[in-house]
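A single chain, nothing else alongside it, follows as structure tokens in the form predicted on its own.
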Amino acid sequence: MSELISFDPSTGDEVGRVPVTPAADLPVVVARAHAAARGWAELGLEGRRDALRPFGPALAEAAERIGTILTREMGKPLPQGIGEVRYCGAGLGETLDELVAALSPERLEDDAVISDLVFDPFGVCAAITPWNFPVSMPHWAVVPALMAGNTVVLKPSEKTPLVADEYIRLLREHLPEGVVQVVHGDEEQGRALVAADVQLIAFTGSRAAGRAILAEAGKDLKRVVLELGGKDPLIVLDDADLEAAAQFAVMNAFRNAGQVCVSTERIYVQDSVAPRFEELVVEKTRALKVGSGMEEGIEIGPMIDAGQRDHVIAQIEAARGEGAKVLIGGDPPRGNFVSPTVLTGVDHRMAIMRDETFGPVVGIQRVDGDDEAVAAANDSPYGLGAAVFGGDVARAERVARRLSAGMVGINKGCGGASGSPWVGARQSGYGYHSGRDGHRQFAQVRVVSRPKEA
């Protein structure tokens, strides 16, 4: 049986191996999930919550061990790796209660009819998740799918199989046999899982892969929840707090080495404040510490692998060749490490301002007013997150409402208040998750009605 080998992107050392699941075995795996589905659904919403609740403390307790594996597999600084695991574990109880509230029956009535909205399982959910947040991304798909009464087959990224194995192994200790399973492989296994007898597909990843999944799922009209790529803009208005805007820009462009779906990849700053804003961004970028995630004090780790590194470097070099100026960074890579890079003199003829980079690079384009900033920010097929910084909040809100993104932050990142969905617009999302309405996308809504007695 072939194996997936996991490598530390900082050193190239082998971290571990897992057996590849033969694509021909996927129907058997899915059949096992179907066999477990009825019993799991019959537990009821509260019964499923009670079964899952002990997993939260167990995951939080294992945060240091699993977080270390996470950092060794994908490179993010160790405190962030441990924090990702601990956050998922510590917050599970609250998430489960939120899911119970979202998925409990809801009654509607008028003068003649009483209707109950009930939320039933689809059946088997295929969860296909990426490597950049290799615990939280599976967590945000698997938990709501299970709470809705579905059984789950998880295919994690082939780049981070070990941490997914640890997550599922711990989760399975609290669940009946067959309710959650993990399969390993690359696109071949992903395609086989999507084509198998599953009723729901929850995918986070690239726009190209999302298109392929949607096309295959469309053959049987399977339900899908797709969170796809982004090319998030930041607009800096001429009355913005430049210190705060620059701090946000650097943090949001470079955290996790830019390997975040809502990274700030392009900035539109108004002419009158652009020189000072650029100075601040360079100053704050220069202070970042780049290195192995296992080293103390490191803020920026490596690219996940050589392929991602080469994609990022190619975009930088192409932009340079087309006239972009490098304010900081742009150095030849050291192994999989790419220096945080800030470009100016960019425009939308350059791929780096159109195509997703997913690396520690940001382009700054000067604009002469609100209208030009909005037009440039919306000149993209993507629409995941965006941010607007401005001193006049009412003005910033007007600008924000004109943006095509699914989530817009004003003087902050794009994430919403507790209970908000995580939602993309345009080609960055098809369906959404989290919050009441997002949780309900993992369930089949049924309307059961009866006449109202006189």
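Numbers for residues come from their place in the sequence shown, where the first is 1. These figures come from a predicted structure and were not determined experimentally.
Not pictured, yet referred to below: the form predicted together with a small molecule.
Although the partner is absent from the chain shown here, none of 7, 63 and 294 has a heavy atom within 4.5 Å of the small molecule in the predicted complex. Although the partner is absent here, residue 155 sits close enough that one of its heavy atoms falls within 4.5 Å of the small molecule in the predicted complex.
The closest non-hydrogen atom of residue 205 lies within 4.5 Å of the small molecule in the predicted complex. By the criterion of a heavy atom within 4.5 Å, residue 302 is excluded from the residues contacting the small molecule in the predicted complex. Taking the partner from the other structure, the small molecule in the predicted complex has no heavy atom within 4.5 Å of any heavy atom of residue 126.
Put simply, of 255, 191, 222, 354 only one has a heavy atom within 4.5 Å of the small molecule in the predicted complex, and it is 191. With the partner omitted from this view, the residue of 312, 298, 234, 261 that lies near the small molecule in the predicted complex is 261 [heavy atom within 4.5 Å]. Stretch-level contact analysis of 142-150, 212-220, 321-329, 239-247 against the small molecule in the predicted complex, using heavy atoms and a 4.5 Å limit, identifies 212-220.
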